[in-house]
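Just the one chain here, laid out as structure tokens, in the form predicted alone.
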């Protein structure tokens, strides 16, 4: 989407691009360490130890947005990897193995000091092992455990009653793994870990997420959404990659303030809004213009995605007497809450009611199993609550099989038949 209605959206894009340019300069010219991790990792620990983090998913989104996914996925097959390998998780690895800085976005990824991932699916461990081997660097894995019981409405417990929600045995195990990660980061950075600094950073994250919560409430209550979904994603995720930092807190406040001003002045993202759409799944990074394609004909506006809404419900933690344990509670089920039943379907249906959603578009990525596992249950839960659902079988970063005209016609027909 080229149109940016919020000043802070442009600022977020500039900040992230400049941040990455500075990271490359620091690594190449001063040999400073940085990390490549999965998005559901405890980025706070890396930040405290002076290691900037490039999220694997963010890098895949950049590759896709720059229309390079087809090139890299063809190269992946030429390298001998099977066609069904997770695209979201493997694009970054292939861009490194391809080793062509003149092709890669912004010159490509320099060598990290460490790579780290939570093992949420079968392919993650092998991808990161091969990727780390190509860089000749360290790979540190976190295990993925599961709840033995799950009370309803987990988002009502996650802020204050997280010990009960995520279960003591899981938090014991994950805390131990996080302390092991800290030991590795101390070796790499030469710095001593400060638990009080972690508590302060977690408090900063809470402040940032409270701004997002206020933004969520205003968007949900406004007669017409004051900010398009794509602009929500840009602002929120840029902050989340740097969460708890002074810049991220201030930018979240600016985002909240712009939405407050637009709401107070009855400024809608699209004045002709008639239908409120929900997008379920990761962003469609190779065709973000899709999100505004149905406004003019139908007044159908995408007002919700998981990115903004998950900040308050997934990140806020109170009771920080043991900040490492609180951080562990945030890590243990992040992917499950966004994608897996019964976590995801209950929460997304709750969000649909809260945001007065008229219809939902559910992305079922063919090549990214962790993001697709709960799609059936999410769709059925939404339909049972009275929200019409259209499932799009496509991929968030692989645009090769995405027929723009066909997909937009499919959504248009769905709106005519199921919503109007």
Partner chain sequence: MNEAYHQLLFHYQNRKDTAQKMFEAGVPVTGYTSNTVPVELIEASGHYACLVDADVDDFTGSEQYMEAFFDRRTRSIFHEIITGKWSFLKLLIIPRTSEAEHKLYLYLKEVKRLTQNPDIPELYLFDLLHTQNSLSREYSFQQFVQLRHHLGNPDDQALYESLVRNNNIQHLLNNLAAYRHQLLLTGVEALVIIGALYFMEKSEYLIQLKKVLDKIGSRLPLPIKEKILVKGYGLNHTRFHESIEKHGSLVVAEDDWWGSRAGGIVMEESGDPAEKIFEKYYAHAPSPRLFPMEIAHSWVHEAMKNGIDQLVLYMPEEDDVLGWEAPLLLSYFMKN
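Positions refer to the first chain, counted from 1. Since the model is a prediction, treat every value here as computed from it, not as a measurement.
One more form of this protein should be noted, the form predicted in complex with the partner chain, which is absent from this view; the next part is about it.
Which residue, 113, 248, 326, 86, is the contact with the partner chain in the predicted complex, using a 4.5 Å heavy atom cutoff? By the 4.5 Å criterion, the partner-contacting residue is 86.
Position in contact with the partner chain when the complex is considered in the predicted complex, options 96, 288, 349, 177, heavy atoms within 4.5 Å: By the 4.5 Å criterion, the partner-contacting residue is 177.
Counting only non-hydrogen atoms and a 4.5 Å threshold, tell me whether 292, 413 and 418 all contact the partner chain in the predicted complex. Per the other structure, none of 292, 413 and 418 touch the partner chain.
Counting any heavy atom within 4.5 Å as contact, can you tell me which stretch out of 198 to 206, 314 to 322, 252 to 260, 340 to 348 lines the partner chain in the predicted complex? That would be 340 to 348.
Although the partner chain is absent from this view, report whether residue 364 comes within 4.5 Å of it in the predicted complex, heavy atoms only. Close contact exists here: in the predicted complex, residue 364 approaches the partner chain to within 4.5 Å, heavy atoms only.
How about residue 33: is it within 4.5 Å of the partner chain in the predicted complex, going by heavy atoms? Contact check for residue 33: no, nothing within 4.5 Å of the partner chain in the predicted complex.
Is residue 155 near the partner chain? Define near as a heavy atom within 4.5 Å, in the predicted complex. So residue 155 does not count as contacting the partner chain.
Any non-hydrogen atom of residue 81 within 4.5 angstroms of the partner chain in the predicted complex: Contact with the partner chain, yes.
Within 143 to 159, which residues have a heavy atom closer than or equal to 4.5 Å from the partner chain in the predicted complex? Result: 143, 144, 145, 146, 147, 148, 150, 152.
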